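Given as structure tokens, the chain that follows is alone and in the form predicted alone.
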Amino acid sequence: MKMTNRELKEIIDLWNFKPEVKRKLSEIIDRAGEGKPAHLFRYYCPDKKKDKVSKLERNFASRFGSRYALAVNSGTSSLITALVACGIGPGDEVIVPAYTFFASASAIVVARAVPVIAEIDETLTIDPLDIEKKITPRTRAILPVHMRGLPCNMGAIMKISRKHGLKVIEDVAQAAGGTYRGKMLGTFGDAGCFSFDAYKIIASGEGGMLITDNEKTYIRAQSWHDTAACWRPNRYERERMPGELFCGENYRMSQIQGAIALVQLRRLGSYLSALKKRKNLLSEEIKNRPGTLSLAPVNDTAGDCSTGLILLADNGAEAKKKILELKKKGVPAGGIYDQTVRDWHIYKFWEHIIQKKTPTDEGCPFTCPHYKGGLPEYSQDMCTATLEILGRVVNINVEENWTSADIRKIASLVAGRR
């Protein structure tokens, strides 16, 4: 059942959108001719000026310096689409960090490949040294994740990928706008995958983006994200290149998501600048007030999105004590690894992988006849370095409205002064 303009406007008024978001949504809803329903479908927009998804793709590609951008309905969809588009499938292994949201590993299984879980280092990103240790004849790709806005060591990762002929698919879900040595995160490997859900830097409720410089990867990604093939110049024409057409999914983004993400993309630079300014000030204040916590190393401080400040305690008990102390004083502090919390950002709680759970009894991809060799040995204690590091973390969420006084107060409390 199609909604009228009036009904759609009532929905918009119920949401606490900022004025600029409401204006973008109104552009979609207000069509020529009284009472005509809004066109919310990604394709066949009757007024090209109101095609917000296509505009978002163009603007995103331009902003990130990529040849192609494909909007999808979630960050997970972006990862699955990228894996399939890059030819990852049955019999393949993909290396993924032990600290990331479960979707990074789940996407590999959905693509019918096998995840190989690697340690992180104190930067909270995948450890290049452990990547090398985890490579086998079946390894086809590395999936680095820029956790908490922190850039991975892309220099080392790309060197490893070139040495072994591996694909690189970057998970940039938590680091939109971040860089490594001046280059945008998501543009190093074969594809970059972004999330626009409610808790991400660019937030449209749901949604995601895939970027790539490779035309074939882009065309295959379009096929997978839209099995109905509305993206094709002539929807029903024959295959134009080998590997273009195959059975896929429907991961399309709606015009509503596109309109909201457009506004978020526009303010990305100013938002990250505000966070970076405050994180840098807080870091300097903490350096000048020695205490029991130390600043965690960052692969590239200039490229950090600055959504949070990571501090390291000497041990887990000290970290817990400090977190409670800071919270009592009103500081937005938290830990990462607490054995009492089943956090799906930590591999230990990925029972789906550890126990090789699958939706059907045959156990694909873990029982796939195309998989030649022994499966990775999964267990809750297989990445002990990761657990030890995460247990020592004290995280302080950075807020864009902090004043200089707020920053000095937080630094003083971190140092243990009242």
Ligand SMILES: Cc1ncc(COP(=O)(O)O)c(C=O)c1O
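Source: prediction; values computed, not measured. All residue numbers refer to positions in the sequence shown, first residue = 1.
Keep in mind the form predicted together with the named molecule is missing from the figure; the text below concerns it.
K.L.:
Answer yes if any heavy atom of residue 344 is within 4.5 Å of a heavy atom of the named molecule in the model of the complex; otherwise answer no.
P.N.:
Contact check for residue 344: no, nothing within 4.5 Å of the named molecule in the model of the complex.
K.L.:
Against the named molecule in the model of the complex, would residue 195 count as a contact residue? Criterion: heavy atoms within 4.5 Å.
P.N.:
Contact with the named molecule, yes.
K.L.:
Verify the contact flag for residue 82: yes if a non-hydrogen atom of it lies within 4.5 Å of a non-hydrogen atom of the named molecule in the model of the complex, no if not.
P.N.:
Residue 82: no, not in contact with the named molecule in the model of the complex.
K.L.:
Taking any heavy atom pair closer than or equal to 4.5 Å as contact, tell me whether residue 103 reaches the named molecule in the model of the complex.
P.N.:
Contact check for residue 103: yes, within 4.5 Å of the named molecule in the model of the complex.
K.L.:
Tell me which of 254-262, 200-208, 312-320, 291-299 has residues with heavy atoms within 4.5 angstroms of the named molecule in the model of the complex?
P.N.:
Contact criterion met by 200-208 only.
K.L.:
Between the options 179, 214, 139, 74, which residue brings a heavy atom to within 4.5 Å of the named molecule in the model of the complex?
P.N.:
Exactly one listed residue reaches within 4.5 Å, namely 74.
K.L.:
Could you spot which one of 150, 173, 94, 191 gets a heavy atom to within 4.5 Å of the named molecule in the model of the complex?
P.N.:
For this set of options, the contacting one is 173.
K.L.:
Suppose contact means any heavy atom within 4.5 Å; which members of 117-146 contact the named molecule in the model of the complex?
P.N.:
Read in sequence order, the lone residue that approaches the named molecule (within 4.5 Å, in the model of the complex) is 145.
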